[in-house]
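Below you will find one chain, with nothing else, as structure tokens; this is the form predicted on its own, and questions on how it binds or moves follow later.
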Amino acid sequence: MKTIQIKQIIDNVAEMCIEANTFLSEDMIAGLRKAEATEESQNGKEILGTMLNNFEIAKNKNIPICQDTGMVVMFVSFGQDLTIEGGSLEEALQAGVAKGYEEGYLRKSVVSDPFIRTNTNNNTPAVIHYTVVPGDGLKIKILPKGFGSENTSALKMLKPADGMAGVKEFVLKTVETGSPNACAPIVVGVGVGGTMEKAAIMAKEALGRPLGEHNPLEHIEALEDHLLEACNNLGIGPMGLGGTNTVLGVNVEVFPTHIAGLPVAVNITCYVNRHVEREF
């Protein structure tokens, strides 16, 4: 049986928050370089070049890759045989976020009440999703989510008769409406099935899947490829100014659902699709 000290969790989460906001992951860098090489619009090609240059400057100067350092979303896989010493896991995760945003001089964007809107001054609380699994492991994935793109996301309760065609239509419409305001080229996370909240959570978690890594189900992989091509055929392009690279990737997750429903959620993230994962 493994034992992890609270301090280790706090320190790691703090490091992950800073890393996610300062260094773009290799899969996203590769995706943007590919987009720059294939972009047919000269204007779009220059925009993509500027984005890549911005990431290099942020890396060299150890500063955020975007001014919106997001609201932290975490996916935590917790082994049922793991022992946490020194406090609660929830408190450690929240303390790690606070430490990371304070020590990293990252913008604090979270307000304590959706109506009174007083800033919490440390970017907590984070939104945390837990999964209990066999064994004694601990895996944490952090996605700091900016709200320029979050605000363009959508959810719809389709009817079973709408089927695959209905899902395609809804995803395409959401991308067409939202991508110009979401700092394209974007990454699109799609959740289909379960219940209303399950679909939304799957769409969010899908954003953390590396670019180019497909869903293992053959028909869902085909859906991802179709949506990627269809979205890029919209011609919206980088920063909504026209071009052939509107979407860098479409990641779809599915889950069993009720005989009477077909929930579908679309979660959009901008070209700084931040995600960092560590396993303890």
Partner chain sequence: MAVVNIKTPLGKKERRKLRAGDHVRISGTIYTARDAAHKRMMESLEQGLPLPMDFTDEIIYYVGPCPAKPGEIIGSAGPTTSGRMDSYTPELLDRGLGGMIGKGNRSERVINSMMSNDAVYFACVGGAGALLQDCIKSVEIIAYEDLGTEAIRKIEVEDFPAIVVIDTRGNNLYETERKKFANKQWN
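Numbering follows the first chain given and starts at 1. Small disclaimer: the values here were computed from a predicted structure and weren't measured.
What follows is about the form predicted in complex with its partner chain, which we do not show.
- Residues of just one listed stretch (104-112, 203-211, 132-140, 186-194) have heavy atoms within 4.5 Å of its partner chain in the model of the complex: 104-112.
- Listed residues Leu223, Val247, Ala58, Met28 were compared with its partner chain in the model of the complex; Ala58 is the one with a heavy atom within 4.5 Å.
- Checking Glu169, Glu176, Glu91, Asp81 against its partner chain in the model of the complex, a heavy atom within 4.5 Å turns up for just one residue: Glu176.
- Although the partner is absent from the chain shown here, Ser41, Asn54 and Pro180 each have a heavy atom within 4.5 Å of its partner chain in the model of the complex.
- Its partner chain in the model of the complex is not approached by Leu32, whose heavy atoms all lie more than 4.5 angstroms from it.
- By the criterion of a heavy atom within 4.5 Å, Thr69 is counted among the residues contacting its partner chain in the model of the complex.
- Looking at Val252, you'd find every heavy atom of it more than 4.5 angstroms from its partner chain in the model of the complex.
- Not displayed here, its partner chain is approached by Leu234 to within 4.5 Å at the level of heavy atoms in the model of the complex.
- In the model of the complex, its partner chain lies within 4.5 angstroms of at least one heavy atom of each of the following residues of 210-243: His226, Glu229, Ala230, Asn233, Leu234, Gly235, Ile236, Met239, Gly240, Leu241, Gly242, Gly243, in sequence order.
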